[in-house]
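In structure tokens, one chain follows: the form predicted on its own.
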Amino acid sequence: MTNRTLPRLLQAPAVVVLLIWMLVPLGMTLFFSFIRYVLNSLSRPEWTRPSIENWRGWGNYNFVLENKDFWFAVSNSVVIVGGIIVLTVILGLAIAILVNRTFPGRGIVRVFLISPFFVMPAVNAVLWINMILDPVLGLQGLAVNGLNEIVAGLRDFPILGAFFSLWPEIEPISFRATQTSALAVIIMVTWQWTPFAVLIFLTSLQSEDQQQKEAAVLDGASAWAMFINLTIPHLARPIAIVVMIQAIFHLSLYAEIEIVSRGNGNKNLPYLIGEFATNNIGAASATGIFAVILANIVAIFLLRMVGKSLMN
């Protein structure tokens, strides 16, 4: 037995289990996507069983592509994921640079900054939509009502009254509405995942070359110039890694959309799969294959971006 044979034999059981764990669900999903598989079909009871006799070919894929919610779910997935990534990277960079400085209580501040990341997604969604973003009982509603009362009181002043009388009464935003529910999801997920970006960026800032920054200060470089030419290139790899990890996780968002709007004008691919899966397993499986293709496209693009940053 060669030196390579024994390690391969020892690894074989784990590799086989991993392949079964990955390929069996994918294979079943692929099979279901090509057959008629409807859980409740009184007119065609044979469709309630996953059988090769119910072969439909590309029918499920055509049905999904022609569905009015599919392309909206795809675009909404891209908008939500893109919005979350942009905000978390910007806020994560700003907060990491601030916290990287020495100040009293820095350790406690870091602990509080990281804590939102450990909140469960469903709890996070309930907290934001009911206690913060609610237009009546949430902090948003209370703040808007308080501001309207202050403006109403200022209208009684002799000089300032004429100016504040022109101010319209502010209406609180209903984040459960069709137009704003996606924004609510972006806000709450950004709050939860910004600490992750802060942790990655803060760890990388600890290894930044301080001698280069001192030399730049002596040469008269401004703080903004040092940030653009020294800090950003140093954080290129962490930024790429944060973008890749978050894109993979946020493509599967479900709990936040369900709690905020129950899919009313705010759906992504996982939510659309859940809607189909209540009855039409074939359509749900076809949508799942489309979701896998989208995730792989995003993963390939991001892996290339990470690879380029690592080679620089």
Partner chain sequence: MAVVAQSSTFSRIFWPTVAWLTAMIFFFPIFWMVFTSFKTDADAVKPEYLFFFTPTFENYLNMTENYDYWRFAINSVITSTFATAFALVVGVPCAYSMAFNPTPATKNILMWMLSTKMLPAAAVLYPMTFLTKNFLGIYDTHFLVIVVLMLINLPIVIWMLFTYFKEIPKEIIEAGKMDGVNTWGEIKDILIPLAWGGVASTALLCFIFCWNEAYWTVRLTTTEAATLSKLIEGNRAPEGLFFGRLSAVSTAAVGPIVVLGWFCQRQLVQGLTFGAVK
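Basically, rigid core = biggest C-alpha set you can superpose within 1.5 Å across the two forms. Numbering follows the first chain given and starts at 1. Because the structure is predicted, anything quoted here is derived from the model rather than measured.
One more form of this protein should be noted, the form predicted in complex with its partner chain, which is absent from this view; the next part is about it.
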{"property": "Among 165 to 173, 75 to 83, 234 to 242, 150 to 158, the region lying within 4.5 Å of its partner chain in the model of the complex by heavy atom distance", "result": "234 to 242"}
{"property": "In the model of the complex, the residue from Ala225, Val119, Ile90, Ala177 that sits within 4.5 Å of its partner chain by heavy atoms", "result": "Val119"}
{"property": "Partner contact for Leu65 in the model of the complex: its partner chain, 4.5 angstroms, heavy atom", "result": "no"}
{"property": "Thr29: touches its partner chain in the model of the complex, heavy atom cutoff 4.5 angstroms", "result": "yes"}
{"property": "Interface membership of Gly220, its partner chain in the model of the complex, 4.5 Å heavy atom rule", "result": "no"}
{"property": "Distance check, Pro45 to its partner chain in the model of the complex, heavy atom within 4.5 Å", "result": "no"}
{"property": "Partner contacts in the model of the complex for 21 to 47 (non-hydrogen atom within 4.5 angstroms of its partner chain)", "result": "Trp21, Met22, Val24, Pro25, Leu26, Met28, Thr29, Phe32, Tyr37, Leu39"}
{"property": "CA of Ile289, rigid core aligned, shift of 2 Å or more between this form and the one not shown", "result": "no"}
{"property": "C-alpha of Asp219 moved at least 2 Å between this form and the one not shown on rigid core", "result": "yes"}
